[in-house]
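To begin, one chain is listed below as structure tokens, in the form predicted on its own.
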Amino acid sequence: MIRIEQLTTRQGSFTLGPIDLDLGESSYLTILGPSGAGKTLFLEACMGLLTAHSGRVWINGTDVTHIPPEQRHISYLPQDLALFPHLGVKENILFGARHRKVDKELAESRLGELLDLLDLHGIVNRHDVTSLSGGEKQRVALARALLPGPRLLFLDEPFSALDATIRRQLQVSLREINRQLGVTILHVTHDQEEAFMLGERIAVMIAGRLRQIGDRDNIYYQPESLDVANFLRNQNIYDTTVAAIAADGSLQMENSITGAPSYPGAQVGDHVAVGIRSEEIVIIRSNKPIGPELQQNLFDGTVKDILAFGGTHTLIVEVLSTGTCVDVELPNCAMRDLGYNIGDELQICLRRHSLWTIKKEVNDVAV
């Protein structure tokens, strides 16, 4: 549906790209990155709102690099929504279709579909769009973007100004729109929860480059660079050295972690970062048998601090043998059952299959 080849552009001193991307029909890709990463710039370059300095953009097999945005059969939902205050709800929704000269009967048919899909029947005859709530405005803007029947829908931080409950409702609506209408969606966001909930695939953008593209598990559990790992809030990242390579190809580290995954060209003596997500660490219960997958990377420790969040607690555990600290995340129900307090001793397991390894380069920031 959309293919991007070596796309680059500049804005002031900021350079975007080069970027390569291939997105299929009816797919949903989220571009995830911090503020200032170049996400909006990337959307504008894909849509033709910003001139590409080099590279090509293909939509449905056609090179559109030098074709104006209005001829690309795409729709765009910007952060500010851009509803017209002098038009009512229905007129706002129909505006794009009339501008593109969509057949009147077809437009009315699509309008009926979207009123059902986005639950807009109660407000469709409202004349003053400024009286709508934030969530209602968002649904009206989304209906306007969808009514012309675009092949591609570009979303730029569409829910950033909404409260959590309304945001979740609209996120669920977007999943349904993608399934029912088959529209291909390219959605940029800095919200990690939103990116993982909506994207079939996720691309992490940092400093104008796509650092990693993959499915949810690949991005979440196997970061390919330290900047991706740090952005995705991997708390347990340890700077160490490869001490040995096992017969099965896994790595043993000087900090006593064993069974870490290898990487191309791994050698004894390589400086690496090895990590594991805090929710993947297992607390060993003395009254329960230990399965085969939990018999490596066992460490005795002491609870140094306990951090309480909305639905989880994080134990800060000091490993007795090394003095390093490990974050262990527990859901509230598990925390209530275990009843840990600061100063308690416990044993933890860094599960082998949950570890990731990244070879450190000269310019990598120490972890």
Partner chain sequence: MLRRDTIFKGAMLLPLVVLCGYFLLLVGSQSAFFSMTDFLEQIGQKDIRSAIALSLIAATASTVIAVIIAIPAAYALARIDFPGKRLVDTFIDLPMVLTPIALGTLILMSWNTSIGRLLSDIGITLPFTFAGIILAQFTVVVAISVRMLKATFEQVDPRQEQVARLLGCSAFESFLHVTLPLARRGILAAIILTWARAIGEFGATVMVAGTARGQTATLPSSIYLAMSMADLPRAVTLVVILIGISLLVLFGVRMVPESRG
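The shown structure was predicted, so the numbers you read here are calculated from the model rather than taken from an experiment. Residue numbers count along the first chain shown, from 1.
Another form exists, predicted together with the partner chain; not displayed. Remarks below refer to it.
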{"query": "Contact residue in the predicted complex, from Thr165, Gln267, Thr130, Ser286 (heavy atom within 4.5 Å of the partner chain)", "finding": "Thr130"}
{"query": "Single option in Leu106, Ala244, Ile290, Ala82 placed near the partner chain in the predicted complex, where near means a heavy atom within 4.5 Å", "finding": "Ala82"}
{"query": "Any non-hydrogen atom of Pro69 within 4.5 angstroms of the partner chain in the predicted complex", "finding": "yes"}
{"query": "Partner proximity in the predicted complex: His187 to the partner chain, non-hydrogen atom cutoff 4.5 Å", "finding": "no"}
{"query": "4.5 Å heavy atom contact, Lys90 to the partner chain in the predicted complex", "finding": "no"}
{"query": "4.5 Å heavy atom contact, Ile219 and the partner chain in the predicted complex", "finding": "no"}
{"query": "Contact test, all of Arg175, Val228 and Asn234, partner the partner chain in the predicted complex, heavy atom 4.5 Å", "finding": "no"}
{"query": "Interface stretch in the predicted complex with the partner chain - options 141 to 149, 251 to 259, 189 to 197, 234 to 242, non-hydrogen atom within 4.5 Å", "finding": "141 to 149"}
{"query": "Contacts with the partner chain in the predicted complex, stretch 89 to 106 (heavy atom within 4.5 Å)", "finding": "Phe95, Gly96, His99, Arg100"}
